[in-house]
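Encoded as structure tokens, the following chain is the form predicted on its own, with no partner shown.
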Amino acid sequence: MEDYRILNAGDGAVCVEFGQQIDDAVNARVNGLYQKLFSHPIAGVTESIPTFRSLLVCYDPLRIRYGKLIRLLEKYAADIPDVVEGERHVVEIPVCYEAEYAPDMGHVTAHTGLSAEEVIALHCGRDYRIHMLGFLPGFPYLGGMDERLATPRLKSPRTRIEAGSVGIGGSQTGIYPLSSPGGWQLIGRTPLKLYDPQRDKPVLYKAGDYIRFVQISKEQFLQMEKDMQRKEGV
């Protein structure tokens, strides 16, 4: 039974929707189609962008007709199983949760009724599926956070959040790869440079991967930061 729909998205793109909710199984199908297009490219398709529940497929109408593209996408989508799950690619992200890097830990503990130690244990206690990248280059929207950690965003967003900051926004957690404004509750920071346009692989992970947070001390944070600066010749 057809459980997706294909919508026009302008003169050079279509959107393949697999559902209406944020769900790991729906997201797995999105990334299944994304990987299918990567391994079996369609001539004329210029780019595909996965989101929580859909895949945007951009194409050159001078190279492939709309009707042919739709037929091929329908064939590809029909071949995606209900759950596309192979061996997990897990990226470990070291995080320092000490007060200097966690200005909103008090807000989170007050809202949830948990201690800081319990917040850290829960936050590090599972792997998070990267549903999509967006907002900033390399910003991962992660699924699967423990519901006990859910905390509303700040009423007044900060004008600047340091790169590497780890936060909670509602029922989700994520990492700011670049310094930017933002309204998530900050509970830690990673010394890793998550996005670097000079690297062969600018972003350390991709949609469909999993992130695992690993607690480190302030001393470890500073040493890792120093090691990376030395490596970059700073």
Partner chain sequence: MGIRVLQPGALTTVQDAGRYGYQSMGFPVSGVMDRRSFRIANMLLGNDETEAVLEAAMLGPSLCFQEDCFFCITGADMQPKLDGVDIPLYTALLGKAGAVLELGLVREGARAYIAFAGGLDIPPVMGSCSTNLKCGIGGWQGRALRAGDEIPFRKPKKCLKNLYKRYEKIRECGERHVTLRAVPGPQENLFTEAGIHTFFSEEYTVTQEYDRMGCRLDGAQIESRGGVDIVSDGIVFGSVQIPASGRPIVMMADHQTTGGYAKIATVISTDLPKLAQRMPGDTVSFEAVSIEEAQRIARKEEAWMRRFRRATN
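Positions refer to the first chain, counted from 1. We call the rigid core the largest set of C-alpha positions that still match within 1.5 Å between the two forms. Predicted model only: the values in this text are computed from it and were never measured.
The following text describes the form predicted in complex with the partner chain, which does not appear among the structures shown.
Colleague: Where does the partner chain sit in the predicted bound form: which of 158-166, 105-113, 125-133, 88-96, heavy atoms within 4.5 Å?
Modeller: Going by heavy atoms within 4.5 Å, the stretch is 125-133.
Colleague: Using a 4.5 Å heavy atom cut-off, state whether residue 231 contacts the partner chain in the predicted bound form.
Modeller: Although the partner chain is absent here, residue 231 would stay clear of it in the predicted bound form, with no heavy atoms inside 4.5 Å.
Colleague: Taking the partner chain as it sits in the predicted bound form, is residue 11 near enough to touch it, meaning that at least one heavy atom pair lies within 4.5 angstroms?
Modeller: Answer yes; at least one heavy atom of residue 11 falls within 4.5 Å of the partner chain in the predicted bound form.
Colleague: Quick one: is residue 65 in contact with the partner chain in the predicted bound form, heavy atoms, 4.5 Å cut-off?
Modeller: Flag for residue 65 set to yes.
Colleague: In the predicted bound form, does residue 202 come within 4.5 Å of the partner chain, counting heavy atoms only?
Modeller: Result yes; residue 202 sits at the interface with the partner chain in the predicted bound form.
Colleague: Are there residues in 180-197 with a heavy atom within 4.5 Å of the partner chain in the predicted bound form, and which are they, in order?
Modeller: The stretch 180-197, when checked against the partner chain in the predicted bound form, contributes 195, 197 at the 4.5 Å heavy-atom cut-off.
Colleague: With both forms fit on the core, has residue 219 moved 2 Å or more by CA between this form and the one not shown?
Modeller: No, shifts by less than 2 Å.
Colleague: Could you check whether the CA atom of residue 58 moves 2 Å or more between this form and the one not shown, using the rigid core for the fit?
Modeller: Passes the 2 Å threshold, so yes.
Colleague: Classify residue 45 as shifted (yes) or not shifted (no) between this form and the one not shown, where shifted means its C-alpha moves by 2 Å or more with the rigid core superposed.
Modeller: Yes, the C-alpha moves 2 Å or more.
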